[in-house]
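Form predicted alone, single chain, as structure tokens, below.
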Amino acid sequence: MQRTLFAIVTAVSALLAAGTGYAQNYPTRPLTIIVPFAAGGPTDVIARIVGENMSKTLGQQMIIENVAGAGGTTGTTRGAQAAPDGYTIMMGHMGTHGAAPALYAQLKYDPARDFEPIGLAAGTPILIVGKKNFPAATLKEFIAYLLANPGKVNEAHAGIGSVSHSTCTMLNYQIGAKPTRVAYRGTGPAMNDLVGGQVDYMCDQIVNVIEQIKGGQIKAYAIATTARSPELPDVPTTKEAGLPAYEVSAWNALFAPKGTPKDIMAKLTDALGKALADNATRKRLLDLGAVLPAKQEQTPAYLGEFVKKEVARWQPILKGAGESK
């Protein structure tokens, strides 16, 4: 009996020691960041910029894996079910970790319970944009046109539960518009069709629209923030343009599967913090119009509470608009 007990204690001690050594040596191979949307969209762009710098701190390559579908919930589900070893993390956002529970009754993950929060990466103001030849010059004219043509105007979005879908649901609900809604597998392909004139308008993150606006490929009617963006100083706020109730910004954040060891989580949070403190990385994000989180907003604890608040915030908005499935 004593020998058996000794053997068990020895085995457990060896496993604990191995686990500690594993965490200390982490990472020993490349990491994967799941982006639950197609390449080229704002979440993908932010993940690549942040991941590039994090790889320098961690000493391993950060590989982006785009897993698009169902408004980001397909890739997010995959992230939740990944091995909690620190080698697969994911870039979530307002749609996947805020709006999705109000939209999908059979959602296969809980944003607050099935992930370990690493930290906020960047905030992204929302703009109301239209194809360049859309027959409206101002936001008031845009709204009037939508109301006069129910079902005849096409709105593009990246799938139910995505940022583009949720924020345009809010817009349509507030103004009483009833467009034909066209789903894509990401805002990248949706933007391509907006530039090409195949769809009429969309609500999207500044990261995904800034170059097209500056290049005159699409129209910007308003930015849904309290102040104008330094990167788009000629675009009025929604309040200035006559729709003060429409104020909304998106956010992107890194998460790991539930159960990822604390010391590994600490290394990931540290790498993200160093990326957001790096001048070159900050400039790349700021040049895209992103808003970077303050130091106190970069902690896992802050992100964990923030996710709970976002889930509670979007429930009445989306259910009131009749968007629950």
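Here the structure is a predicted model, which means the values were calculated and not measured. Counting begins at 1, following the sequence as shown.
Form predicted in complex with a small molecule: not shown, discussed below.
- Contact annotation for the candidate site: F37, A158 and Q205 all lie close to the small molecule in the predicted bound form (heavy atom within 4.5 Å).
- At a distance threshold of 4.5 angstroms between non-hydrogen atoms, G75 is out of contact with the small molecule in the predicted bound form.
- The closest heavy atom approach of T187 to the small molecule in the predicted bound form falls within 4.5 Å.
- Contact between H97 and the small molecule in the predicted bound form is not found at the 4.5 Å heavy atom cutoff.
- Within 4.5 Å of some heavy atom of the small molecule in the predicted bound form lies at least one heavy atom of S164.
- Stretch 38 to 46 is the contacting one of 295 to 303, 269 to 277, 38 to 46, 282 to 290, since its residues have non-hydrogen atoms within 4.5 Å of the small molecule in the predicted bound form.
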